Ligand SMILES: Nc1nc2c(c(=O)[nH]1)N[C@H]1C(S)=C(S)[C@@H](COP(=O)(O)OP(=O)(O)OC[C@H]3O[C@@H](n4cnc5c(=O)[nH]c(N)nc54)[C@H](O)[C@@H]3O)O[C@H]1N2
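In structure tokens, the next block holds one chain alone, the form predicted on its own.
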């Protein structure tokens, strides 16, 4: 077969880069950047060049697998769903719905069918609680957005393309592009800002690759970011630098924030943060004087003991320095598509409330419907009414990616039923009774949805599938509908998947004020593609099925191979803010009640070494480690440690050290480097391969160690339930 060229959007991260793929004789060859892509404009990172490797990976599962004892066998899809029905029905009959739950993994947000199918799956299944990667990396952002703006997914992001002064805390876009900031070539924009006379500052315990593109790197003790931010707020008020800018008259709670900030002077926090008071004052003054400027805080601020306070204070600083909801500052995206997650939650008609129920074992109050994911292990292995007996994982590997990992790994075999929607037999799915593999990214279309809610502009791009799946193989949307129906107790034999899909679409049409009959008649396809068409046509740029003649539909994107650019970010506070008061709530009582716990942090003595996580440009959680071209070369699963700490601990570069916390210990090679600030060591997340029963031939040759074996179950931010995997006290010694 002659070479053919295909255009696609990379599905691996929030950058959403455009790709140009060469296919010869049914195999993907060279992958280049699509220089005409309206969004990424020719940017591409090493990960994007490997999606052909992921598609052709011989370890990737193509047919369902059923485990009987220690033996696996391939089965038909009908057999697989019948086995799922048996397992689910047995748990329902013996233990009731309270014994059933699910874990939703991070890749769901990047998958065409999973992202659109997970809503109806959870809705139909009716799980009393769910677990997700959200309480590892972002729940503080959701809590702050819920209470400040009225919707947990109304998370503002930086208008990077027009910013002139940027401060980055707890994020490393050089490795991850953006996070809750969808933008291609972030470091290119940082370089441009500096070239045009602007300024970039990075605040991080590690001198990251992003810091190499900044004017200044300011090291900070992990977990003390909220103290530094409060000190900046104190300076803004004390020096008369507060300017509400575009949201003046739309903000409540300014005086309360002023009162709360008074004790947190730069001098009061400097020793704890290890950031000089003069530096803190300069940060506040420079951000207030910048036009425009923005403070961006991400995962390092979320997954720490004061994650919600730190995430909230990022937005507080942006509001007080005049750039909020203004070009070049912190703004809300205008996504071309909406998601079911963005709809008003009927559970909170009078505003968000938390603590409506508690976890069974530790009695931890729920927050936004979830408790810490570290609770999952104890809820499985602790006997009693409500003990979890059935777990369905969706594109997640919690044995590697969640705290309390060792206990969870030991607990999973105790389940009566573990059903995994996953493409690999990994450290989690090796315990499954049934594995239901989805399509590869190249066997299905692609059009991002949730990511556009955090994008630095409005655009969209449709990607056709490159390869046809095996006849009769369902996509993940259908898989999730079937599993949701089985959890409801509907029999597999009589299941009408099309009818379930029609009912879901009909309900969404009624919420959006369009005639379901018109929508059902207008859409030839079903499933995720029809849902995408609905969310485009009833979105801010849509044609509303003919009501807006100049509006857009899916067909318009299908006819635009390089995408459609719909312009830069625009002010949106008037339409986005939907709190009960109608105001931006700068001082939500639920959040500010935690300030006393932060004040007590000032009196805590130094804890010795603390551990933080890190990510590499060639890595994207655990599932990218089975790609040879991404893991070859220098070992990247190492313990980074400052020379002074290495000397004090008696460990040498290249030697093996034992890292121990209250939760466990790992042995790992040492990498001595002054890129770490003294007192802080770093391990990458997502490693720890090589376990018996896995089928990951490349990853198992580059096993590394599981950093989550060191993460205690009880170390989390109590007002968001987000794990604190940064700032873990550890001891380091020669192995």
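Please read all numbers here as calculations on a predicted model, not as lab measurements. Positions refer to the first chain, counted from 1.
From this point on, the text means the form predicted together with this ligand, which you will not see here.
Of the candidate stretches 252 to 260, 196 to 204, 493 to 501, 316 to 324, only 196 to 204 contains residues with a heavy atom within 4.5 Å of this ligand in the model of the complex.
Although the partner is absent from this view, residue 627 stays clear of this ligand in the model of the complex, with no non-hydrogen atom inside 4.5 angstroms. Proximity of residue 476 to this ligand in the model of the complex: non-hydrogen atoms within 4.5 Å are present.
At least one heavy atom of residue 298 is located within 4.5 Å of this ligand in the model of the complex. Using a 4.5 angstroms threshold between heavy atoms, residue 102 stays clear of this ligand in the model of the complex.
Screening 702, 55, 685, 67 for any heavy atom within 4.5 Å of this ligand in the model of the complex leaves a single hit, 685. Checked against this ligand in the model of the complex, the candidates 111, 463, 234, 142 yield a single residue with a heavy atom inside 4.5 Å, and that residue is 111. Contact annotation for the candidate site: 304, 619 and 708 all lie close to this ligand in the model of the complex (heavy atom within 4.5 Å). Residues in 565 to 600 all lack a heavy atom within 4.5 Å of this ligand in the model of the complex.
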